[in-house]
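Take a look at this single chain in structure tokens; it is the form predicted alone.
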Amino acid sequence: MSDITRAEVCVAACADLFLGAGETLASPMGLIPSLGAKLARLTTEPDLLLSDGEAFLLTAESTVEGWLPYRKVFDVVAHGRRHVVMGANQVDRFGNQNISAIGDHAKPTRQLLGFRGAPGNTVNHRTSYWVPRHSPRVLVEAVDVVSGVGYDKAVGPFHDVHRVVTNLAVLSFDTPDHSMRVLSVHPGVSVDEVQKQTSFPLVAQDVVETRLPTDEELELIRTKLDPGGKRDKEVPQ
């Protein structure tokens, strides 16, 4: 299939976040991560668990297949069999995330969501981030407020900040000091472009190009998961 869009590349990249997950509760937040989790369920990870966020476990087609009331999610969180993909107003070089406030927390210039479940997510199970607009205002030297806990402040054996997927690249923390590196750049994007849109120096060794979705994946994205093309509004070509 031809004319693959940047949004479709991002969906496939989000699907790859769950490679090897097995029977893990996926908690994707936002359209592109949700499409990615559903795509993974339909292709590489048939045992992945998808929730409606309230009480039911669903197939990728939204058919109810199990029951998981919200109060039980906290048991899953505490035992680590969960992978959440959250948004981020700021992410820094060690994976600290901010969704709480911009500026001094005592007197912020902008109030955001608050801490929500970010601290518990990041210290108890695998966490990734989705950034639809990669820019120096989001990829910052140090976050204004630590909501999700990064590697320079990590505590406990279950801390696992996995990946950051943006509209330009896939970033990881598999470096000696767990500072952010460029894992792959999306087709048509250069490492220099990613660096210019980042406020701190990135490790950029052995960078590859983010893979294209397969014909099977494109068919699923276009005809089953998002036939209305909402993905292209979140990540314009």
Partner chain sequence: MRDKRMTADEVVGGIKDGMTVGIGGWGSRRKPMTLVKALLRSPAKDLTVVTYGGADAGLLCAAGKVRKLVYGFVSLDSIPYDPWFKRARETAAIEVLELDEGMFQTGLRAAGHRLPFLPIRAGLGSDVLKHAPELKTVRSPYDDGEELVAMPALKLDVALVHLNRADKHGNAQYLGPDPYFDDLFCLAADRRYVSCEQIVETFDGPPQTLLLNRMMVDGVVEAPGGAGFTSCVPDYGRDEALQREYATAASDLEAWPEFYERFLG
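C-alpha atoms forming the largest set that superposes within 1.5 Å between two forms make up the rigid core. Every value quoted in this text rests on a predicted model; they were computed, and no experiment measured them. Residue numbers count along the first chain shown, from 1.
Although it is not shown, the form predicted in complex with the partner chain is what the next lines describe.
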{"property": "Partner-contacting position among V138, V145, V164, V84 - heavy atom within 4.5 Å of the partner chain in the model of the complex", "result": "V145"}
{"property": "Contact at A12, P46 and L57 by the partner chain in the model of the complex, all three, heavy atom at most 4.5 Å", "result": "no"}
{"property": "Partner proximity in the model of the complex: Y151 to the partner chain, non-hydrogen atom cutoff 4.5 Å", "result": "no"}
{"property": "Heavy atom of T127 within 4.5 Å of the partner chain in the model of the complex", "result": "no"}
{"property": "Close approach of P69 to the partner chain in the model of the complex, 4.5 Å, heavy atom", "result": "yes"}
{"property": "R110: touches the partner chain in the model of the complex, heavy atom cutoff 4.5 angstroms", "result": "yes"}
{"property": "P46 C-alpha relocation of at least 2 Å between the shown form and the other one, rigid core basis", "result": "no"}
{"property": "Core-aligned CA displacement of L68 at least 2 Å between the shown form and the other one", "result": "yes"}
